[in-house]
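First, one chain by itself: the form predicted alone, in structure tokens.
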Amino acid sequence: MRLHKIFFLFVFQIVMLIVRADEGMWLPQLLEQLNEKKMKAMGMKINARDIYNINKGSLKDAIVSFGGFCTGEVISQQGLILTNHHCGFDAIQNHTTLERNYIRDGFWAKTHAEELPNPGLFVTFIIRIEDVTKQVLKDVTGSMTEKERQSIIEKNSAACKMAVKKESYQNCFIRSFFEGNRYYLFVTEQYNDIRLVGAPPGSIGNFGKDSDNWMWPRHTGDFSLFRIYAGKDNKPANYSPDNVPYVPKKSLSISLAGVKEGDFTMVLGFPGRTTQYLPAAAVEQIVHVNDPVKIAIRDRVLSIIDQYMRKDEQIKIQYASKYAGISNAWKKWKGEVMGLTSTNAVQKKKQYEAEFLKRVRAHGVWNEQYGHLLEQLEKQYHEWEYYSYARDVFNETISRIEIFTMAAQYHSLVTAYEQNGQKGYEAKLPEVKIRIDELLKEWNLQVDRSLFHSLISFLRMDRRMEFLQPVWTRFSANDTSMVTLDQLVYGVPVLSDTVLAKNNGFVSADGKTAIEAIKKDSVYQLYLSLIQTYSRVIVPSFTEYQGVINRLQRMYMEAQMEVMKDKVFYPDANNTFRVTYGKVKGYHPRDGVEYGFYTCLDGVMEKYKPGDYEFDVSPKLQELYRKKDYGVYGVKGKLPVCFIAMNHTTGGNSGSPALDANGNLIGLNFDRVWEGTMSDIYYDPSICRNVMADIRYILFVIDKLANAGHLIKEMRLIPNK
């Protein structure tokens, strides 16, 4: 009996650990109901309605989805936006040339006229959020197939969007939550004229580059500045020289007070994707199957690109953004495996599931409904493993060979012609031309050729990918040396007739002639054969298992919310507006290692390596450091650079504002610590920390290093009292 009580107490502690206040990505419209009391107990001074209010300006009105992939915040009444350097990197790169190297040297517009437009870049504001669960799930029954269910949901969602009250310049969308058990509608405003205002040199904005990525201690000034432009009526408008800076409903005030350990912090933004409610079987598969193979493939890719980037400045510019993106996920997966293993996440999931099953078994109706759910999920994941592995390997390899990416663009031309003839071809052609030109600007033949050799060799050696053997036999017979395939794809006699023709040759005005030429091309034929084989052998089974898993996961989510009454659930991230909160706190990642909660400029100088790719420091920053010329941004001869806290963040929170107890801006979220990257799957408060650039370091760089004091004058600064 005593052992039984000890076990129950242990399980209860595990359940309580999972619902720690630091965990969660909460919907802002539910904060008053679910979170406000706890947030105030942790130190918050404002009210939930100061965060989300549809009747007057609130913090939500200063937060934007930046390009659909990051977060940004409005920090002046002239539409000035702060986000991460890596979020604005593509725009910075697009304006960079060998003569004007904004990646290396930074960029600062002295006037509005010097601010640089960025076609295709947009920001989105959330106007309001509505619960439309009843409308969306009307007529949906448990006996429906997944296809039937989805059809009804799509029909009901379309009707909801048609009926919603909004302005003509506003948009709306509906997203599912809790694995399809809840639905919310978002009314939004999108601004499409976004101009680059300022970016620090790469030695600040990307200090530490790949070595420091996902690491703590961190010393990176990961920020950039943009501005929203609107029509003269302050409404959304496409780019025009006549547009004017946007006047927001709300802009953030900036506190110079800094933080101390134990302070309340809050992060608002658009986290991309989490899977907190996966069963243990799924997490185990991630740790032992999916993450390891993706890491192995990207090991190859990064090694090859790095070799070329270090030798050639032009290649370095072309591949900088791609390399950063590839490296980001690669290092994250490595940390994810490490964190899930070190925290024993799979076993803790199993213990949680044991408590869930105990409660289910003790309740007749629950036992009938949910008694076999976990068993069924485990079976499906086991059978799905091969197809999940094959998908990851195929996508990770084929997508990194950019000559295949170009072939895919030409395949879209073929599809358009076959569906709608010359008319379809002509409609698609301009889009393909633009995309191919964009690809070629950031493409190098030798780099791509080396990637092709390495990745195709990987595919051919992997026994789980033997379903592709007919393709290799067709195109290279028994040649295992890659010579035949290399000549087929990159051989000089073929080059002038392949997709590398830079939109000449293939892309004639006559669709029939162009399509015939494309279909005869060896690169296109190899690409198409690979895609068709994968689509025939892997995709149908993968999709079938995924559908079953989705249905069971939805049932499991519903069951948890019904059975585990002592747990307050938050929905997984799905790129919608969320609030997370916690406290400033260091951490203890492993034996003998203890990390503090902040870093300062001294650490930058300690890492400094003259002329190094990752750790160089500009002469001006060295001089300011030597003189301790920090202005109002320093504290007792020190300049704060970064700090960490227990806010639950993920991708998409890059660029999110870190706010203090009064809702003032104190930092800029840009990363997580390596040991805690598994927080997308399992949040453990002992090691999960988000990393933020201290707002004082950002202001110091703008003011003292860039001499862009005119931008500081736009902001509302609250001095350190």
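The structure displayed is predicted, hence computed values, not measured ones. Numbering starts at 1 and runs along the sequence shown.
A second form of this protein, the form predicted together with a small molecule, is not displayed here; the remarks below concern that form.
Heavy atoms of Thr274 never reach within 4.5 Å of the small molecule in the model of the complex, leaving it off the interface.
Using a 4.5 angstroms threshold between heavy atoms, Gly651 counts as touching the small molecule in the model of the complex. Interface membership of Arg195, defined by any non-hydrogen atom within 4.5 Å of the small molecule in the model of the complex, is ruled out. For Phe66, no non-hydrogen atom is located within 4.5 Å of the small molecule in the model of the complex, even though that partner is not displayed. Figure note: of the listed segments 40-48, 670-678, 25-33, 58-66, the one touching the small molecule in the model of the complex, with heavy atoms no more than 4.5 Å away, is 670-678. With the partner removed from view, the residue among Tyr191, Trp214, Tyr425, Trp384 that has a non-hydrogen atom within 4.5 Å of the small molecule in the model of the complex turns out to be Trp214.
When you look in the model of the complex, the only residue of Arg227, His86, His219, Arg400 with a non-hydrogen atom within 4.5 Å of the small molecule is His86.
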